[in-house]
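Okay, so here's just one chain, in structure tokens, the form predicted on its own.
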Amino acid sequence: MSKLTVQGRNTVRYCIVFLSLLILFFIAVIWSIKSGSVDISVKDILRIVFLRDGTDNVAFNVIWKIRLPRILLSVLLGGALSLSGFLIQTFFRNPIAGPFVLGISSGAKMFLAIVTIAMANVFKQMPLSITVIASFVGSMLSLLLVLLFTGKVKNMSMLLVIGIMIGYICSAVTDLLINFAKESEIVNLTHWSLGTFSGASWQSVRVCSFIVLPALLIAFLLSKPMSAYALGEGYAQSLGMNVKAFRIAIVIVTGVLSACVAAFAGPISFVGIAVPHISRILLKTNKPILMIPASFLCGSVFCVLCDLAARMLFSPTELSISTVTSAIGAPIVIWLMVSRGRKKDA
């Protein structure tokens, strides 16, 4: 088979995968807008969303004030989490690495615990804005700790262990604070730690867009250096690439994306590990220029569908988003590990 024929088949595959993901994305969004305690027809959804027709005031408010912001937040954060997973797997050259191995989620929870307990006498119910700010600051503090070691540690496995250890330290501090806190002081922390998109608003969507979309653009700009880095640090350096600066850039982009997710939705399990593998299997390639948009789009679809399942499976009781993503993501990771082990043995 000629090289041209192989390239042609690959191009067709890439087009089919992206077209399928886009179709699935629109189906997932429409299905999610339609489903809920107030059932809205597809015709009414299209009329209200595209024509801003407010004839049916109840349906209009449900779509524009509740469901659409929540769906867009799950699109942005699902894509961000999946993209950060792909970046961290490329960075560590470890297919089982996830974005929270850097201790970002644990750092967010620790700082949120400190703020929640310290301000328990000020607020009966912690404002969402303070929760978001505290989570983001805690995530960034953990990221700064990892960055201190990024330029000093040459072995990527060692940096991975350092990130995990930072996460354990933050978790230990959090558990210590919770043990000595009153139950009324940690209600907000408990709700956050379950993971949910239920607090979505247009303001949170705008803030997430301001963080996630520029990070997505930077990831695109790093796609060529990532391709060189994937072939080995020696090869990357021979092309004149500054490996140290590249490491720092990848850690910062991954950290910002993961911190944004932790701040607005809490810890969400397995998306960052499982979804990049799904994208890789669909495309049958690991090229960053293709994997970056595919991972983002696939993560968006995955989280929209998981959020829909969290809302509807046991309605009116709503599950945490991590419960659904773990139930789906964990078997995928187990299957990947088993299949990877078989390939090594073969």
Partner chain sequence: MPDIDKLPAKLELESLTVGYHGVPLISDIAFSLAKGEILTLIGPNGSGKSTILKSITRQLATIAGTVYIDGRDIHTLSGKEIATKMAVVLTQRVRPEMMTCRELVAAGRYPYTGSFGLLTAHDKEVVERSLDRVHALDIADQDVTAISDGQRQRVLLARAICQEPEIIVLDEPTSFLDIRHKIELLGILSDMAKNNGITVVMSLHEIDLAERISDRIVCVKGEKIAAYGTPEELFKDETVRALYDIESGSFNALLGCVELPAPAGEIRCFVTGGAGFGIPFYRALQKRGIAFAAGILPENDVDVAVAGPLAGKLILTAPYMPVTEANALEAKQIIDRVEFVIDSGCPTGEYNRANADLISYARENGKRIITTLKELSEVS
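No experiment lies behind these values; they were computed from the predicted model shown. Residue numbers count along the first chain shown, from 1.
Quick note: we don't show the form predicted together with the partner chain, though the next part is all about it.
- Just one stretch in 110 to 118, 67 to 75, 215 to 223, 135 to 143 has heavy atoms within 4.5 Å of the partner chain in the predicted complex, so which one is it? Result for this chain: 215 to 223.
- Message: Can you work out whether S238 and the partner chain are in contact in the predicted complex, taking contact to mean some heavy atom pair no more than 4.5 Å apart?
- Response: Judged by the heavy-atom cut-off of 4.5 Å, S238 is in contact with the partner chain in the predicted complex.
- Task: Evaluate L231 for contact with the partner chain in the predicted complex, applying a 4.5 angstroms cut-off between non-hydrogen atoms, and reply yes or no.
- Result: Result yes; L231 sits at the interface with the partner chain in the predicted complex.
- Would R47 sit within 4.5 Å of the partner chain in the predicted complex, counting heavy atoms only? Contact check for R47: no, nothing within 4.5 Å of the partner chain in the predicted complex.
- Query: According to a 4.5 angstroms non-hydrogen atom cut-off, is G199 in contact with the partner chain in the predicted complex?
  - Reply: G199 lies outside the contact set for the partner chain.
- Task: Check each of S320, N286, N61, S35 and return the one that places a heavy atom within 4.5 angstroms of the partner chain in the predicted complex.
- Result: Checking each option against the partner chain in the predicted complex, the one that comes within 4.5 Å is N286.
- In sequence order, which positions of 256 to 283 have a non-hydrogen atom within 4.5 Å of the partner chain in the predicted complex? Counting only heavy atoms within 4.5 Å of the partner chain in the predicted complex, the contacting residues of 256 to 283 are R280, I281.
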